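What follows is a single chain, given as structure tokens, in the form predicted on its own.
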């Protein structure tokens, strides 16, 4: 469903990702792992259209989206849950969800909101509360919900569990599992490698902007030392 071929990306004269290639099938979860500075977040940001690629090709269901900006990529079915959540603190929970659905017709809002609240009932209880007053876990739920409101086919999640309590992490992973069962494809960057590998269909290890290992989630889970050997 997603094909990334020879992706090269960075900031100004700094190349953070160089020659990265991988693919994600429909309804699959691919996990990007690697040490700090490996290029994981840059890869995610480039897929979302927030960092312009310097080379390579990105296709979604055979459609070349390499030159599309972030707004256009939302239209193609790509949504981002950014690192740090980035909710709109001065807007309510309901208003944040509406922002995520800005491209949808009004007739689709109710069903989209119902889907999010089914995943995260707590957001329904907080619907009139300012997003900035939510706990970190609730903000992460809202960030996921806001992305889901755009009805994506590909969800990009950067550092899902960063700074969250274990219960909130469990809730967010349960939501991703439910979305995957519904056919959503997911690319996940996660500091908690062990937890991420538990949901991975495929794994790509990065180091210094290069792919050092690729394999199935089962292969990675079966050999705990396999990935760490690439980060020595």
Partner chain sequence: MLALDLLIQGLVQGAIYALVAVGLTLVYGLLRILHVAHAALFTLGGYLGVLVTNATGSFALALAVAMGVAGVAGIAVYRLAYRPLLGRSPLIALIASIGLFIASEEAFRIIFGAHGLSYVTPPLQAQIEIAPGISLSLARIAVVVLAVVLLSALGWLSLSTRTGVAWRASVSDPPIAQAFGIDIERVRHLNFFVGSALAGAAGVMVALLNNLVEPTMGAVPSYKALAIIVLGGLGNVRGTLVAALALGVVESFGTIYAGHLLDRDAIAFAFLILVLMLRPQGLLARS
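Numbering follows the first chain given and starts at 1. Predicted, not measured: the structure shown is a model, and the values here were computed from it.
Although not depicted, the form predicted together with the partner chain is the subject of the following passage.
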The single option of 122, 115, 76, 103 touching the partner chain in the model of the complex, heavy atom within 4.5 Å: 103
If the cut-off is 4.5 angstroms on heavy atoms, which of these, 177, 70, 165, 54, is the one near the partner chain in the model of the complex? 70
Given the partner chain in the model of the complex, answer whether the residues 23, 44 and 61 all have a heavy atom inside 4.5 Å of it. no
Classify residue 154 as contacting or not contacting the partner chain in the model of the complex by the rule of any non-hydrogen atom within 4.5 angstroms, answering yes or no. no
Evaluate residue 50 for contact with the partner chain in the model of the complex, applying a 4.5 angstroms cut-off between non-hydrogen atoms, and reply yes or no. yes
Contact between residue 134 and the partner chain in the model of the complex at 4.5 Å, heavy atoms? no
Even though the partner chain is not shown here, does residue 80 get within 4.5 Å of it in the model of the complex, heavy atoms only? yes
